[in-house]
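Let's start with one chain on its own, the form predicted alone, as structure tokens.
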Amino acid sequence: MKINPVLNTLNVLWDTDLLFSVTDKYDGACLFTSTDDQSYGKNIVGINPVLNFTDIDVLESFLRENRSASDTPLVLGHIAYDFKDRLEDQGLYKNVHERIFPEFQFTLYEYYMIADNSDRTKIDLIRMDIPRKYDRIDPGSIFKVDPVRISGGKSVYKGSSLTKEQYQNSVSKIRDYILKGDIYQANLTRKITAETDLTPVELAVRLKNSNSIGFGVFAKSEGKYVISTSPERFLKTDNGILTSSPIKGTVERSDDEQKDIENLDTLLNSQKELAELAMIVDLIRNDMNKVCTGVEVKEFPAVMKLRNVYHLYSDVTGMLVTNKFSDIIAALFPGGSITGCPKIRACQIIEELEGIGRGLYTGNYGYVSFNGNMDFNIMIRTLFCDKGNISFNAGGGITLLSDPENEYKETIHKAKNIYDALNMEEIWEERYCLTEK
């Protein structure tokens, strides 16, 4: 199918809450940012799904057929962490999968909206010129949605896939693997589940308001929702330049200004955190060298300032030698910052210790444009919702210098915004290091 985009500009007073409501009404996907820094990209919304692609080779053919000079988004979609099994030899992994969402799905939508944070009085509306057999939305009705209402709803904690003791024991086991020479580090996470009477749109608004978000997602597919408040970019391509921005190193923020400065200074001088970032940056460099020349590391370390934590990160760039989407994914997926290194052995240990599939968590959500440019996040700080049942993960990178108690506390600090947005009751198991018992 050959697609042509038709651009119109609408004069619409908009905010991100309105984009969420439109996305929910028309079974769409919204890639949003709650920061005015345009380096993170614009808000992109696709509504009214026309075609789904669940095979990477079929998608590759579709992208090639519709290649043009336009930077308009062509497809939006996700790659689940568990998709890693399809990229390696059979039997290398244990086939541990979570199948709530498809492991690979990209969608062509009837309409795309590009909303620039620098001008909240207009929206670029792009209609895909597709065969008439597909249902069309009346452009005049797109923004006729109910206003978002923030209720006093609550959520009830149901449990964690790993208890505090199990998580800390797993940290110790990873340290043993490091001492034996199996790996240098591994990323360990646990899944937290709950029930809520908050609506998905309300949850998205609460989470959006909780932090400065660079690579957010609010997506609806067959009644299930993905709400991501990720601060991390997996990869971006722009006119042949590939950039990956791994995050490694975290410290909590403090309301006390002097304590906050001291915490950041501790992070910047932490042997453990700097070594962790250096190892993952080196892994990313090696991955990118499979599809790039001139790979180089930008500022090391750079600091990301969020509401509840500081992160260390670095930008790694290179000149692509291929324009094939599948080649780029095969080289870099899954992101090294959420696996460990060496990557394959770290993934095997993750399967052993976590015991369940990750599904979309630590996978990627993003878009590919007509001209081949693409941008994907890493789905951390991400909530999944299905008929009032919700789940999210929290974790971190484990090295030889990791302290099991501190690593468990780090998962709680990273999840604090989600706990607060869910309006979840105080759970001692989960929040003991944030509040007094």
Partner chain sequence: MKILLLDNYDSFTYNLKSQLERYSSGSEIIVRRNRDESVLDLIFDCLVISPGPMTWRETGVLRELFKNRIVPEKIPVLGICLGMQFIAGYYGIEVDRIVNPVHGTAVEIRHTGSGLFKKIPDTFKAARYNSLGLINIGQGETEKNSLVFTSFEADSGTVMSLEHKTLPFAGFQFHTESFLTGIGDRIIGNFMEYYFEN
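Please read all numbers here as calculations on a predicted model, not as lab measurements. Numbering follows the first chain given and starts at 1.
This protein has a second form, the form predicted together with the partner chain, left out of what is shown; the following refers to that one.
Chemist: Is the partner chain in the predicted bound form near all of Arg206, Ser210 and Ile390, within 4.5 Å of a heavy atom of each?
Modeler: Judged in the predicted bound form, none of Arg206, Ser210 and Ile390 sits within 4.5 Å of the partner chain.
Chemist: Looking at the partner-bound form in the predicted bound form, is Phe143 within 4.5 Å of the partner chain by any heavy atom?
Modeler: No, Phe143 is distant from the partner.
Chemist: Just checking whether Gly355 would be counted as a contact of the partner chain in the predicted bound form - the rule being heavy atoms within 4.5 angstroms.
Modeler: No, Gly355 sits far enough from the partner chain in the predicted bound form that none of its heavy atoms falls within 4.5 Å.
Chemist: Is the gap between Tyr184 and the partner chain in the predicted bound form 4.5 Å or less for some heavy atom pair?
Modeler: Looking in the predicted bound form, residue contacts with the partner chain include Tyr184, since a heavy atom lies within 4.5 Å.
Chemist: My question is simply whether Asn286 lines the interface with the partner chain in the predicted bound form - judged by any non-hydrogen atom within 4.5 Å.
Modeler: Within the cut-off, so yes.
Chemist: Work out which of the listed stretches, 70-78, 97-105, 114-122, 335-343, brings a heavy atom within 4.5 angstroms of the partner chain in the predicted bound form.
Modeler: Only one stretch qualifies here: 335-343.
Chemist: Note which of Asp129, Glu195, Glu165, Glu88 lies within 4.5 Å of the partner chain in the predicted bound form, where distance is taken over heavy atoms; exactly one does.
Modeler: The option sitting close enough to the partner is Glu88.
Chemist: Only one of Ala330, Val148, Leu268, Ala275 comes within 4.5 Å of the partner chain in the predicted bound form by heavy atoms, so just point that one out.
Modeler: Of Ala330, Val148, Leu268, Ala275, the residue with a heavy atom within 4.5 Å of the partner chain in the predicted bound form is Ala275.
Chemist: Let me know which residues along 287-308 have a heavy atom within 4.5 Å of the partner chain in the predicted bound form, or say none if there are none.
Modeler: Heavy-atom contacts within 4.5 Å come from Asn289, Lys290, Val297, Phe300.
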